[in-house]
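Below you'll find only one chain, the form predicted alone, shown as structure tokens.
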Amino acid sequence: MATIPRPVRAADRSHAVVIGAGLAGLTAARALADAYERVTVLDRDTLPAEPAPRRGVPQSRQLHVLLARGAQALEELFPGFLEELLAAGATRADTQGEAHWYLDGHLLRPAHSGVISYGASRPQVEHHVRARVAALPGVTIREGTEVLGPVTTPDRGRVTGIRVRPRAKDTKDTKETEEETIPADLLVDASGRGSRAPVWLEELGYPRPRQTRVRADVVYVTRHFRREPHHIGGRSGVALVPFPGLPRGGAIVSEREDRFAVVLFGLLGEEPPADEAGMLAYAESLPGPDVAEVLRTAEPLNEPVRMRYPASARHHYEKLDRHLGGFLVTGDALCSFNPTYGQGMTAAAQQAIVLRALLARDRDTGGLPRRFFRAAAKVVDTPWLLAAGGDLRFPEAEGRRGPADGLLDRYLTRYRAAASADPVLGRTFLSVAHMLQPPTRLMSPGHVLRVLRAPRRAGGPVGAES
């Protein structure tokens, strides 16, 4: 690795560089803008001027939903953001009162919950966040830039810059493709699942972080349809969650008042087709009729798009005994989740809030990596428990299971059935799924009593109206 022989003071906050202009990178830049004189965000893509999918975010064509905790986090980082998103056409809904949820084949009993989610496409959310970040004093977003690797002090103890070059496809002048070093007091890697941070650390003589993986081999297909008032009884969305014995699922989200995003997904060898007849047959095999109804009656607005996601992966930077000074990792580069749980944007925004709090509390950046990774690990714990635990319910899923997992799974299986009749249980389940409450809330004494008192086949037949 190259070095810059310029010593960096522990409290030097002149220039921070972020790798990646996705949601994790943009929210990190927002946090850094309060503490650094200048912030530069680097991205390989040419960024669209309007909301549109882009190559560097392949999941941007798929269904997304902004969980309740993620909405709160973005509002905290960008006051007025949610009203701005709604004004641009996004939707807002009570997740229990205005949507159908099928858990283990049981229809969760609809009721007002106060758990509010927002329907918007990933490009729409990212576009508005990017505009907010670009307007911040001292922040520059530099597109079409390929990152080559960090630059350090001679003893390799601390980052002092990043080596970059323009992407060849973005310039016809070969002279402009020469390598450049951008000085940096802090480098944040938010480059996603393809992050090279573990390789960079190893090349610099640091240990690679230990990785935990849960392999579920998710395949999902998204298509958009015109939304009309009669569809799914006027509700805003539907979620049919896979369960052992039926590793298939689907969802509908109102991205706008006149537009649905519909996704079909399968785990562990189940692959939804991408043709109309095949998608309809797949949807008809699900416990509830809602997705099939939309596929059968709504006008398609584009072609189906398929994506594969082999495994959730968590990189345990918090367990390293040595850290490269001035170097952080966030977002999917730190921990990526099975996307069917919808946790990625929320976890990224929460990590940015943690970073902002740490920078505001302590001017000494010397120990920032250790403090940040420990705090970020606590943020990641809850969504990881939910996503990994959900996938490990399937015996075929590859991953480490604990001795108490079987007992816990049996309890939660009864909980899901009971929630089809008890709206209090349903509200708590959704509060946990939307990361507003810790998973332990599902096992509070009052909730355990409600589960045990519920009839084993609570809620009656799947699909029955409340």
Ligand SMILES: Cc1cc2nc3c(=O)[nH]c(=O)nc-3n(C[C@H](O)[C@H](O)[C@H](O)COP(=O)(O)OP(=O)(O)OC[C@H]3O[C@@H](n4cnc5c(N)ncnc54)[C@H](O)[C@@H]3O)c2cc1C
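Numbering starts at 1 and follows the sequence shown. Everything numeric in this text was worked out from a predicted model, so none of it was measured.
Below: the form predicted in complex with the named molecule, not depicted.
- Looking at Arg193, you'd find a heavy atom of it within 4.5 angstroms of the named molecule in the predicted complex.
- Using a 4.5 angstroms limit between non-hydrogen atoms, Arg30 is distant from the named molecule in the predicted complex.
- In the predicted complex, none of the heavy atoms of Thr40 sits within 4.5 Å of a heavy atom of the named molecule.
- Although the partner is absent here, Glu293 lies well away from the named molecule in the predicted complex, with no heavy atom inside 4.5 Å.
- In summary, the region of this chain contacting the named molecule in the predicted complex, judged by heavy atoms within 4.5 Å and restricted to 141-149, 275-283, 382-390, 235-243, corresponds to 141-149.
- Contact check for Val17, Glu180 and Val199: none of the three has a heavy atom within 4.5 Å of the named molecule in the predicted complex.
- With the partner removed from view, the residue among Gly249, Gly344, Gly119, Pro369 that has a non-hydrogen atom within 4.5 Å of the named molecule in the predicted complex turns out to be Gly344.
- Though the named molecule is absent from this view, in the predicted complex it lies within 4.5 Å of a heavy atom of just one residue from Ala433, Ala68, Leu425, Val65, which is Val65.
- Contacts of stretch 19-48 with the named molecule in the predicted complex, defined by any heavy atom lying within 4.5 Å, are made by Ile19, Gly20, Ala21, Gly22, Leu23, Ala24, Gly25, Leu42, Asp43, Arg44, Asp45, listed in sequence order.
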